[in-house]
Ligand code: 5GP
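As C-alpha coordinates, one chain now follows by itself in the form predicted on its own.
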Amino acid sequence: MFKEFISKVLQHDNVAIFSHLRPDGDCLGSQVALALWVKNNGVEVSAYNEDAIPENMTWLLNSVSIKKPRPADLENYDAFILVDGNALHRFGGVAEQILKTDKPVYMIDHHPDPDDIFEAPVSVVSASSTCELIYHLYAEHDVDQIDAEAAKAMYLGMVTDTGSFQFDSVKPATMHAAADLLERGRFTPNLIAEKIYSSRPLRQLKLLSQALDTITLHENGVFASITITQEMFRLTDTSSEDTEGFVQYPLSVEGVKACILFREDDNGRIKLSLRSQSDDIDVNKWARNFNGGGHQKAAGAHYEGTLADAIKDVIAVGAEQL
(Lines give C-alpha, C1' and ligand atoms only; values in the text may rest on other atoms or scores of the structure.)
Protein backbone atom coordinates (compact mmCIF):
# COMPACT_ATOMS: atom_id res chain seq x y z
CA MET A 1 0.00 0.00 0.00
CA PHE A 2 2.79 2.43 0.94
CA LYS A 3 5.68 1.18 -1.20
CA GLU A 4 5.64 4.04 -3.72
CA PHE A 5 4.84 6.64 -1.04
CA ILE A 6 7.76 5.53 1.13
CA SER A 7 10.19 5.39 -1.78
CA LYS A 8 9.36 8.87 -3.05
CA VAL A 9 8.94 10.74 0.23
CA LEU A 10 12.25 9.52 1.63
CA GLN A 11 14.08 10.88 -1.41
CA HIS A 12 13.36 14.45 -0.30
CA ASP A 13 15.53 16.51 2.03
CA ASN A 14 12.85 18.66 3.60
CA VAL A 15 9.05 18.22 3.63
CA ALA A 16 6.10 20.04 5.19
CA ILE A 17 3.03 18.25 6.54
CA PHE A 18 -0.33 20.06 6.60
CA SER A 19 -3.38 19.06 8.65
CA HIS A 20 -6.85 20.35 7.84
CA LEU A 21 -8.66 23.42 9.16
CA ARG A 22 -10.55 23.08 12.46
CA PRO A 23 -8.17 20.30 13.52
CA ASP A 24 -9.45 17.21 15.28
CA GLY A 25 -7.81 14.21 16.90
CA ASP A 26 -7.35 12.22 13.71
CA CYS A 27 -5.75 14.96 11.63
CA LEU A 28 -3.44 16.06 14.46
CA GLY A 29 -2.58 12.54 15.55
CA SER A 30 -1.74 11.49 12.01
CA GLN A 31 0.25 14.68 11.42
CA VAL A 32 2.36 14.18 14.54
CA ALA A 33 2.92 10.44 13.98
CA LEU A 34 3.82 10.99 10.33
CA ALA A 35 6.19 13.85 11.20
CA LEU A 36 7.97 11.58 13.68
CA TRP A 37 8.24 8.85 11.03
CA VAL A 38 9.65 11.27 8.44
CA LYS A 39 12.17 12.63 10.93
CA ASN A 40 13.23 9.17 12.10
CA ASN A 41 14.04 8.30 8.51
CA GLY A 42 16.44 11.16 7.91
CA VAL A 43 14.21 13.80 6.30
CA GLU A 44 13.76 17.24 7.82
CA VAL A 45 10.11 17.99 8.52
CA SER A 46 7.85 20.83 9.60
CA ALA A 47 4.16 20.68 10.55
CA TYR A 48 1.52 23.33 9.80
CA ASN A 49 -2.11 24.13 10.55
CA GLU A 50 -3.83 27.46 9.92
CA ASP A 51 -6.11 27.10 12.96
CA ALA A 52 -5.42 26.87 16.68
CA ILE A 53 -4.90 23.47 18.30
CA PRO A 54 -7.77 22.50 20.66
CA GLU A 55 -6.79 22.84 24.30
CA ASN A 56 -7.32 19.15 25.07
CA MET A 57 -4.82 18.18 22.35
CA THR A 58 -2.00 20.65 22.97
CA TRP A 59 -0.03 17.83 24.65
CA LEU A 60 0.75 16.63 21.12
CA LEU A 61 2.93 19.70 20.68
CA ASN A 62 5.43 18.19 23.13
CA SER A 63 6.40 15.82 20.31
CA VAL A 64 6.05 17.99 17.21
CA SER A 65 5.69 21.75 16.86
CA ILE A 66 2.68 22.67 14.71
CA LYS A 67 2.96 26.20 13.33
CA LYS A 68 0.66 28.53 11.43
CA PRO A 69 1.92 28.72 7.82
CA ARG A 70 2.86 31.80 5.84
CA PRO A 71 2.99 31.89 2.03
CA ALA A 72 6.77 32.44 2.15
CA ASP A 73 7.19 29.15 4.04
CA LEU A 74 6.27 27.16 0.94
CA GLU A 75 9.59 27.98 -0.67
CA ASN A 76 11.50 26.14 2.07
CA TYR A 77 10.42 22.60 1.18
CA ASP A 78 11.00 19.98 -1.51
CA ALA A 79 7.53 18.47 -1.11
CA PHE A 80 4.29 18.63 0.86
CA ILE A 81 2.12 16.00 2.52
CA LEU A 82 -1.57 16.43 3.37
CA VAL A 83 -3.11 14.22 6.05
CA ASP A 84 -6.79 13.49 6.77
CA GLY A 85 -8.06 15.46 3.79
CA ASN A 86 -7.91 15.06 0.05
CA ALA A 87 -8.57 18.56 -1.35
CA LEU A 88 -6.35 21.61 -0.85
CA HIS A 89 -9.20 23.95 0.12
CA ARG A 90 -9.71 21.94 3.31
CA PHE A 91 -6.26 23.04 4.49
CA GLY A 92 -6.58 26.80 4.19
CA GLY A 93 -5.45 29.67 2.01
CA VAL A 94 -1.71 29.02 2.27
CA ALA A 95 -2.11 25.35 1.39
CA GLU A 96 -4.16 26.31 -1.65
CA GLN A 97 -1.03 28.03 -3.01
CA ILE A 98 1.04 24.85 -2.92
CA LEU A 99 0.34 23.97 -6.54
CA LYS A 100 1.99 27.22 -7.63
CA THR A 101 5.32 25.87 -6.34
CA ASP A 102 5.34 22.98 -8.86
CA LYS A 103 6.59 20.71 -6.08
CA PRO A 104 5.13 17.24 -5.43
CA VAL A 105 2.15 16.97 -3.10
CA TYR A 106 1.48 13.68 -1.28
CA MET A 107 -1.62 12.62 0.61
CA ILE A 108 -2.70 10.04 3.20
CA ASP A 109 -6.44 10.05 3.81
CA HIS A 110 -9.61 7.99 4.24
CA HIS A 111 -12.25 10.30 2.71
CA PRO A 112 -13.89 9.55 -0.65
CA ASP A 113 -13.35 11.34 -3.97
CA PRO A 114 -9.78 12.73 -3.67
CA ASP A 115 -8.57 15.50 -5.96
CA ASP A 116 -6.42 14.36 -8.87
CA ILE A 117 -3.32 16.34 -7.87
CA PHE A 118 -1.37 13.98 -5.65
CA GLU A 119 1.86 12.07 -6.10
CA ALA A 120 1.68 8.46 -4.87
CA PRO A 121 -1.63 9.03 -3.04
CA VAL A 122 -2.71 6.75 -0.21
CA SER A 123 -6.51 6.84 -0.15
CA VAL A 124 -8.37 4.09 1.71
CA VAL A 125 -12.02 4.96 2.31
CA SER A 126 -12.65 1.80 4.32
CA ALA A 127 -10.04 2.75 6.94
CA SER A 128 -11.45 3.79 10.30
CA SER A 129 -9.16 6.80 10.47
CA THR A 130 -6.09 8.35 8.90
CA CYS A 131 -4.20 7.34 12.03
CA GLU A 132 -4.96 3.69 11.29
CA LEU A 133 -3.35 4.25 7.88
CA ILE A 134 -0.29 5.87 9.48
CA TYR A 135 -0.01 2.79 11.68
CA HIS A 136 0.09 0.62 8.55
CA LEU A 137 2.78 2.91 7.12
CA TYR A 138 4.94 2.16 10.14
CA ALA A 139 4.09 -1.54 9.97
CA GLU A 140 4.99 -1.77 6.29
CA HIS A 141 8.27 0.11 6.66
CA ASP A 142 9.59 -0.64 10.17
CA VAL A 143 7.07 -1.21 12.94
CA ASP A 144 9.79 -0.93 15.58
CA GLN A 145 10.05 2.79 14.82
CA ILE A 146 6.81 3.31 16.75
CA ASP A 147 7.81 5.00 20.00
CA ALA A 148 5.59 6.17 22.86
CA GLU A 149 4.88 9.59 21.32
CA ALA A 150 3.90 8.18 17.92
CA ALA A 151 1.79 5.46 19.54
CA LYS A 152 -0.19 7.94 21.64
CA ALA A 153 -0.74 10.24 18.66
CA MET A 154 -2.06 7.41 16.48
CA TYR A 155 -4.22 5.99 19.25
CA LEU A 156 -5.72 9.45 19.79
CA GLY A 157 -6.82 9.64 16.16
CA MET A 158 -8.26 6.16 16.15
CA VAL A 159 -10.26 6.79 19.33
CA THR A 160 -11.68 10.15 18.26
CA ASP A 161 -12.52 9.17 14.67
CA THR A 162 -14.32 5.97 15.69
CA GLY A 163 -16.38 7.34 18.58
CA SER A 164 -14.21 5.33 20.99
CA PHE A 165 -14.40 2.30 18.67
CA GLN A 166 -18.21 2.41 18.38
CA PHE A 167 -18.62 3.10 14.64
CA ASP A 168 -19.06 0.46 11.96
CA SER A 169 -15.79 1.60 10.37
CA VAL A 170 -14.05 -0.37 13.14
CA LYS A 171 -12.78 -3.71 11.87
CA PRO A 172 -10.70 -6.43 13.56
CA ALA A 173 -7.60 -4.85 11.98
CA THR A 174 -8.46 -1.59 13.73
CA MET A 175 -8.52 -3.28 17.12
CA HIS A 176 -5.31 -5.17 16.40
CA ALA A 177 -3.61 -1.88 15.51
CA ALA A 178 -4.94 -0.18 18.66
CA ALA A 179 -3.76 -3.05 20.84
CA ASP A 180 -0.29 -2.95 19.28
CA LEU A 181 -0.08 0.80 19.89
CA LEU A 182 -0.98 0.32 23.56
CA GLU A 183 1.69 -2.33 23.90
CA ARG A 184 4.43 -0.46 22.07
CA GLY A 185 3.58 2.88 23.68
CA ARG A 186 3.28 1.30 27.13
CA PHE A 187 0.21 3.29 28.12
CA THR A 188 -3.36 2.44 29.05
CA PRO A 189 -6.51 3.64 27.20
CA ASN A 190 -7.61 5.87 30.08
CA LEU A 191 -4.52 8.07 29.60
CA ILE A 192 -5.80 9.32 26.24
CA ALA A 193 -9.48 9.26 27.22
CA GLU A 194 -8.82 11.49 30.24
CA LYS A 195 -6.85 13.98 28.15
CA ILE A 196 -9.60 14.22 25.54
CA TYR A 197 -12.87 13.70 27.40
CA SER A 198 -12.14 14.47 31.06
CA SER A 199 -10.34 17.77 30.71
CA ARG A 200 -13.16 20.04 29.57
CA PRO A 201 -13.10 23.59 30.96
CA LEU A 202 -16.23 24.68 32.84
CA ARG A 203 -17.09 27.25 30.16
CA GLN A 204 -17.38 24.44 27.60
CA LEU A 205 -19.91 22.59 29.75
CA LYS A 206 -21.93 25.78 30.09
CA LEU A 207 -21.93 26.11 26.31
CA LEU A 208 -23.02 22.49 25.96
CA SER A 209 -25.88 23.12 28.39
CA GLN A 210 -27.20 25.95 26.23
CA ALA A 211 -26.75 23.95 23.03
CA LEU A 212 -28.60 20.89 24.36
CA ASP A 213 -31.63 23.07 24.97
CA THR A 214 -31.85 23.71 21.20
CA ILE A 215 -32.14 20.06 20.14
CA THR A 216 -35.09 19.81 17.76
CA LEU A 217 -36.63 16.87 15.91
CA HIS A 218 -37.50 17.06 12.20
CA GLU A 219 -39.25 14.84 9.66
CA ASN A 220 -41.26 12.91 12.26
CA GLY A 221 -38.24 12.38 14.48
CA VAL A 222 -35.95 10.91 11.81
CA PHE A 223 -33.61 13.93 11.93
CA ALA A 224 -32.45 15.97 14.90
CA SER A 225 -30.60 19.26 14.99
CA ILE A 226 -28.56 21.15 17.55
CA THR A 227 -27.73 24.86 17.25
CA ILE A 228 -24.86 26.98 18.52
CA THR A 229 -25.01 30.74 18.09
CA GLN A 230 -22.56 33.61 18.44
CA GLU A 231 -24.65 34.80 21.39
CA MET A 232 -23.98 31.50 23.17
CA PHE A 233 -20.24 31.94 22.58
CA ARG A 234 -20.43 35.45 24.01
CA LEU A 235 -22.40 34.47 27.11
CA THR A 236 -20.09 31.54 27.96
CA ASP A 237 -16.79 33.09 26.84
CA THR A 238 -16.22 30.21 24.43
CA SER A 239 -15.38 29.76 20.76
CA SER A 240 -15.89 27.26 17.95
CA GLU A 241 -13.05 25.14 19.35
CA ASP A 242 -15.26 24.34 22.35
CA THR A 243 -17.93 22.57 20.25
CA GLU A 244 -15.95 19.41 19.53
CA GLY A 245 -18.17 16.35 20.03
CA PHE A 246 -21.44 18.29 20.43
CA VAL A 247 -22.87 16.76 17.23
CA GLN A 248 -23.10 13.33 18.86
CA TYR A 249 -25.72 14.39 21.41
CA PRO A 250 -28.77 14.74 19.11
CA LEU A 251 -27.79 11.50 17.41
CA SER A 252 -28.38 9.70 20.71
CA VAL A 253 -32.08 10.66 20.80
CA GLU A 254 -34.33 7.61 20.43
CA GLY A 255 -35.48 7.07 16.85
CA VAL A 256 -33.12 9.59 15.28
CA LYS A 257 -31.28 8.31 12.19
CA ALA A 258 -29.28 11.43 11.32
CA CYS A 259 -28.44 14.78 12.89
CA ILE A 260 -27.02 18.15 11.98
CA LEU A 261 -25.11 20.64 14.09
CA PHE A 262 -25.64 24.25 12.97
CA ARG A 263 -22.94 26.61 14.27
CA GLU A 264 -22.83 30.36 13.66
CA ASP A 265 -19.21 31.25 12.91
CA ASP A 266 -17.78 34.74 13.23
CA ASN A 267 -17.21 34.94 9.46
CA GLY A 268 -20.95 35.12 8.85
CA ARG A 269 -21.24 31.52 7.67
CA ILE A 270 -23.04 28.59 9.24
CA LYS A 271 -20.85 25.56 9.90
CA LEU A 272 -22.65 22.28 9.31
CA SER A 273 -21.64 18.99 10.91
CA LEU A 274 -23.70 15.98 9.83
CA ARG A 275 -23.84 12.47 11.29
CA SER A 276 -25.84 9.38 10.35
CA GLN A 277 -26.38 6.02 11.97
CA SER A 278 -28.45 4.59 9.13
CA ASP A 279 -27.27 2.95 5.91
CA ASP A 280 -30.20 4.66 4.19
CA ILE A 281 -28.98 8.21 4.88
CA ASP A 282 -25.70 9.25 3.26
CA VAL A 283 -24.56 12.52 4.84
CA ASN A 284 -21.63 12.77 2.42
CA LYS A 285 -24.11 13.22 -0.44
CA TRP A 286 -26.13 15.55 1.79
CA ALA A 287 -23.12 17.75 2.57
CA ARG A 288 -22.08 17.98 -1.07
CA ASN A 289 -25.18 20.07 -1.71
CA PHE A 290 -23.56 22.71 0.50
CA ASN A 291 -19.97 22.65 -0.81
CA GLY A 292 -18.91 20.05 1.72
CA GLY A 293 -18.36 16.34 2.00
CA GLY A 294 -16.87 13.57 4.08
CA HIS A 295 -18.01 10.01 4.71
CA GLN A 296 -21.35 8.28 4.37
CA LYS A 297 -21.94 8.64 8.11
CA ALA A 298 -19.93 11.75 8.98
CA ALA A 299 -19.55 14.90 6.91
CA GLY A 300 -19.21 18.66 7.12
CA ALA A 301 -20.15 21.70 5.05
CA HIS A 302 -20.87 25.44 5.20
CA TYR A 303 -24.01 27.43 4.49
CA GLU A 304 -23.95 31.01 3.25
CA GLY A 305 -26.93 32.76 4.81
CA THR A 306 -28.88 33.09 8.02
CA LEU A 307 -29.26 30.39 10.65
CA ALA A 308 -33.03 30.16 10.05
CA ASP A 309 -32.52 29.67 6.31
CA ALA A 310 -29.78 27.12 6.92
CA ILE A 311 -32.03 24.96 9.09
CA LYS A 312 -34.88 25.13 6.58
CA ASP A 313 -32.77 24.42 3.48
CA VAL A 314 -30.50 21.76 4.96
CA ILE A 315 -33.37 19.77 6.44
CA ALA A 316 -35.21 19.97 3.11
CA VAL A 317 -32.25 18.48 1.25
CA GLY A 318 -31.90 15.69 3.79
CA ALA A 319 -35.60 14.87 3.50
CA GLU A 320 -35.05 13.98 -0.17
CA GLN A 321 -33.19 10.84 0.98
CA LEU A 322 -36.11 9.54 3.02
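The first residue of the shown sequence is 1; numbering continues from there. Since this is a predicted model, take the numbers as computed values, not measurements.
As for the form predicted together with the named molecule, it is not shown, yet the points below apply to it.
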{"property": "Joint contact, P54, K195 and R200 to the named molecule in the predicted complex, by non-hydrogen atom at 4.5 Å", "result": "no"}
{"property": "4.5 Å heavy atom contact, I311 to the named molecule in the predicted complex", "result": "no"}
{"property": "Interface membership of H111, the named molecule in the predicted complex, 4.5 Å heavy atom rule", "result": "yes"}
{"property": "The named molecule contact at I17 in the predicted complex, heavy atom, 4.5 Å", "result": "no"}
{"property": "Residue contact check: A301 to the named molecule in the predicted complex, 4.5 Å heavy atom", "result": "yes"}
{"property": "Proximity to the named molecule in the predicted complex (heavy atom, within 4.5 Å), stretch among 252 to 260, 35 to 43, 292 to 300, 55 to 63", "result": "292 to 300"}
